[in-house]
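The chain that follows stands alone, in the form predicted on its own, written as structure tokens.
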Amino acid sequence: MFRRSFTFLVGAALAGAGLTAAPASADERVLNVVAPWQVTSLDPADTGYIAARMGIAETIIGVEPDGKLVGLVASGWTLDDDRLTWRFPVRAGLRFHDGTPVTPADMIAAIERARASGETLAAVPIASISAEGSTMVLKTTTPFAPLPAFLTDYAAIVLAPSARGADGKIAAWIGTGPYRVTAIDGDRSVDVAAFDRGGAMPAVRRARYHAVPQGETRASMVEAGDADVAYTLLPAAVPRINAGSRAKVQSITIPRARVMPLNVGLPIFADLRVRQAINLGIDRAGIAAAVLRHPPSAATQLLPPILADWHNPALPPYARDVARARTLLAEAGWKPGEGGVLHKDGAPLRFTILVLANRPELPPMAAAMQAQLRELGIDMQIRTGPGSIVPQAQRDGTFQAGLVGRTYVNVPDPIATILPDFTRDKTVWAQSGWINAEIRALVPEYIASFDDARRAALRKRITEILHAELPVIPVSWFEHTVAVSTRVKPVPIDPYEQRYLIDRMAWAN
């Protein structure tokens, strides 16, 4: 476990974690940001998203809440006529928090670091990266149309050379964002202060990130007035918070889904009819209403409507149909057996689903699904564990099924998630053992194409295949819930979860 406490450019008074009373000066008020994720290390591939969300470090390219790609460390980009050579100029006058100027070499180092430790940029077919004056020049071996979107990956936040320790590993977050780190207390909190980058300073000058894994504790902090902005709330806590006077909850659907990945290599899941029966046996509408308290979250297909280019309205929506599910199981040879569990060739229709405990809504969702599938004669056993439970089972070959949250916008184009999840023999968070030759041909074609009409046709076909073949079973889309204190003016919500946009926030009084 990462355990370290250090302070930059401030006195010992800033070094402690925990909540403090707001100072009298408006410039000294501390915005308390509460979220579930602990600072388990300073490795950008592990927790770079926290540094990016808190405005400490920036990626080469960013994405606005409306989905528009914008330059961050780079001022923008151009593509040569060969469709292989990309140019990313460093934003003029940009400096790190230690005062050193940003160079193309710093962007190159961020990409190389991310390619070595992350999954997203490792997929880019890079031929070479070099510097020409103040511009980074990246050449690919084959056309790679979504490259700018891939450069929003948090694993590739750009950090100063001084951020590395003697061992070459990242030892500090010294970035280019609107806020600089003033203190980090182990895995519990990060203090930041506004950094003068020229121009107007943010209205919120100081903020503190609190890692609070327990959902009920986050809700209690909101109700007690100890949190100004709190992310990822328990559904049951939302009405309670809204009934009080200290904060109100904002909620939007975001490009993330709660899905049930399957090991299609196992005999029970290799039969499409069984996957279809499980899909038809899940009462998504009931789960969304009773467990999530957010009916629009019921997933009628894999990708939600907010991903307008990828959400396919022509697909028949998923819905519960117990009679059809039973017919499919009978056609697949499953017959009633002891204890109401279906059997085939002497074996029960039984499997274990691994459920992530760090998302508090997943265990009750799994319990509801267990009861619903039991009506069909399917015995789904539940095992709850930490975030590592699914990757570990994938590695050791024991994975059968899971219930996980999967984001489709680690970069703004879902192809970056579809690529590793559905075109590789082994995955971390998606299915196992599913091989579809058409998908494996369509995805590279999509990546290489610059023709909008062709890309639209490819998206349509990719979604059709995933919808019909069910290598993963969508259960619900994510509702991004954010509690905002009445001390703060309405907060912009980033559906791409790239930034908390603290520099755009302001105190209500």
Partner chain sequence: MRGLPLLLLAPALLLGLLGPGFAPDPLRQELMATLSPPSGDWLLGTDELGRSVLARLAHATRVSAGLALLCVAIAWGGGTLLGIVAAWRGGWSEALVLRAADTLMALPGLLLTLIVAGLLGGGMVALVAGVAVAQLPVAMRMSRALAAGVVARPFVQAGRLAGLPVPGLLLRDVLPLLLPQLATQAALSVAQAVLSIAALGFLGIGIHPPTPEWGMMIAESVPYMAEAPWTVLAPAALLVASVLGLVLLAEAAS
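Bear in mind that the values here come from a model prediction, so they are computed numbers and not experimental data. Residue numbers count along the first chain shown, from 1.
Just so you know, the form predicted together with its partner chain exists too; it's not on screen, but the next bit is about it.
The closest non-hydrogen atom of L307 lies beyond 4.5 Å of its partner chain in the model of the complex. Put simply, T384 is close to its partner chain in the model of the complex: some heavy atom of it is within 4.5 Å. Contact annotation: P239 falls within 4.5 Å of its partner chain in the model of the complex, judged by heavy atom distances. Interface membership of A371, defined by any non-hydrogen atom within 4.5 Å of its partner chain in the model of the complex, is confirmed. Taking the partner from elsewhere, every residue among A290, P364 and A367 has a non-hydrogen atom within 4.5 angstroms of its partner chain in the model of the complex. This chain appears without its partner; in the model of the complex, the one residue of A160, L147, L234, I378 with a heavy atom within 4.5 Å of its partner chain is L234.
Contact with its partner chain in the model of the complex, judged by any heavy atom within 4.5 Å, is made by just one of D321, E216, D98, E112: E216. Residues placing heavy atoms within 4.5 Å of its partner chain in the model of the complex fall in a single listed stretch, namely 281 to 289, out of 281 to 289, 75 to 83, 343 to 351, 431 to 439. Taking its partner chain as it sits in the model of the complex, the stretch 154 to 168 never comes within 4.5 angstroms of it through any non-hydrogen atom.
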